[in-house]
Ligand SMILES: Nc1ncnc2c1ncn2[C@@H]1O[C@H](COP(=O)(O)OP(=O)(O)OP(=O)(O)O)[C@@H](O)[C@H]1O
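Given next, in structure tokens, is a single chain: the form predicted on its own.
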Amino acid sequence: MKKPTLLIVDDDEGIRKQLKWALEEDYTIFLASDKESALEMISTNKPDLVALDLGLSPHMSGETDDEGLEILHRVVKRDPLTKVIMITGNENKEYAIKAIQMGAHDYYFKPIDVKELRLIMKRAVHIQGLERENIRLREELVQKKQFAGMVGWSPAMQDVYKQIEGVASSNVTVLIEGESGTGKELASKAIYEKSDRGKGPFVVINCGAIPENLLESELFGHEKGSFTGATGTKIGKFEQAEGGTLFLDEVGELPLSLQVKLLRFLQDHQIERVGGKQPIKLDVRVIAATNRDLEQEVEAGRFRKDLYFRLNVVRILLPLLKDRFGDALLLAYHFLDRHRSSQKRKITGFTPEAEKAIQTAEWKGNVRELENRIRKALIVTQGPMITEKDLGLENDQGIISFSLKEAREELDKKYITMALKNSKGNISKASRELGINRVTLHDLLKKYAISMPTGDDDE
């Protein structure tokens, strides 16, 4: 079995030799006497453990007494799973505690008892192994809880997956509805990948992101000379999707003039380029998505009723993230694994408080908001784990920080106080406003220790 690697950093040659002699049977040992050599060893050898002298002599590299803490900071930033054990004298206890707060695994006071230090290191290696196994299992879990690139295994998403499986093999038009950030494009791609058209092109266009005067040409293409600036023939998104799937995102933003042309294609599978005279027959499946209520848009005259029925052959409604029980934390770890490597951050996970905050947040921006918060947290976090503060999920951010009973009591107190204020302290008027009798109101005033404003007790 491969031995764990240990870097011993101490400016006392006697201590370095003592620890090397005592520990080399259990560890592959590297030695460093100052910050520069220590950082070079860490970069080159990536040790599992670091035994670090907190009180490195500043004259060794001409810097400050915080040499040990500087090395600790660099180690934790490079890989939070590396276990750093600070070795210090009693006079440096305050610095040792600070080191723990910065991410050190443990600290040990001089003089060194090798047997005790060996036990601390053995425990550190064991914990490190558990943490690595936990990360491996978590990554496996995220992989297992995916469906064609969609992460989540809540009952709400299981229903979505069943609908996708059911509709994928056919060529019918699908309308995907859901609020912004719920994953409509991912759902459309899942339908495409599960379908017989999975080897054909998958073309995406956001109907709300392109100016109206350019959108027709983007969708249907144009002929040379059809308008000023049309110096050549252009192939539109429909033709690009030949033999595959066209995803029309935010189809509710499509102008009425183009709704007619889309309806014509859905009816006879033909298009005409701008300035063209010949219809072009195409084999393209259309999947559309919207965050609008298209029935309301039809009633308001902003969306054609006949087009709505053509699009709404099969309707898939994506749930809000807050309604996907258990998926928020799964997604959080998925996004953490995805983005920490690109941002070169070795964050191990979330604190328990952060995990609770993730699971209880309202997530008004749904999955997109969750991903954006994690990307931001990876930039601002200073420790090995992301906190609820890093995520910006404090109590005023929609987190449930009290029980339902406590919430009801707070609401009771608020309404009683308002009623008493409105009635100027008149119990009879306040009780009528609250819909309770005077005796009950008196009991509640006593229960919640609410003081009476100045006024009459009766009418």
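Predicted model, so just to flag it, every value in this text is computed and none were measured. Sequential numbering from 1, following the sequence displayed.
In what follows, reference is made to the form predicted together with the ligand, a form of this protein that is not presented.
A residue is said to contact a partner when one of its heavy atoms sits within 4.5 Å of a partner heavy atom; Glu250 meets this definition for the ligand in the predicted complex. Proximity of Glu185 to the ligand in the predicted complex falls within the 4.5 Å heavy atom cutoff. Taking the partner from elsewhere, Arg324 is found to have a heavy atom lying within 4.5 Å of the ligand in the predicted complex. By the criterion of a heavy atom within 4.5 Å, Arg368 is counted among the residues contacting the ligand in the predicted complex. Val151 is the sole member of Val298, Val151, Val203, Met102 with a non-hydrogen atom lying within 4.5 angstroms of the ligand in the predicted complex.
In summary, among the residues Lys83, Arg285, Arg373, His334, the only one with a non-hydrogen atom within 4.5 Å of the ligand in the predicted complex is His334. Partner contact region in the predicted complex: 334-342, out of 334-342, 130-138, 307-315, 111-119, criterion any non-hydrogen atom within 4.5 Å of the ligand.
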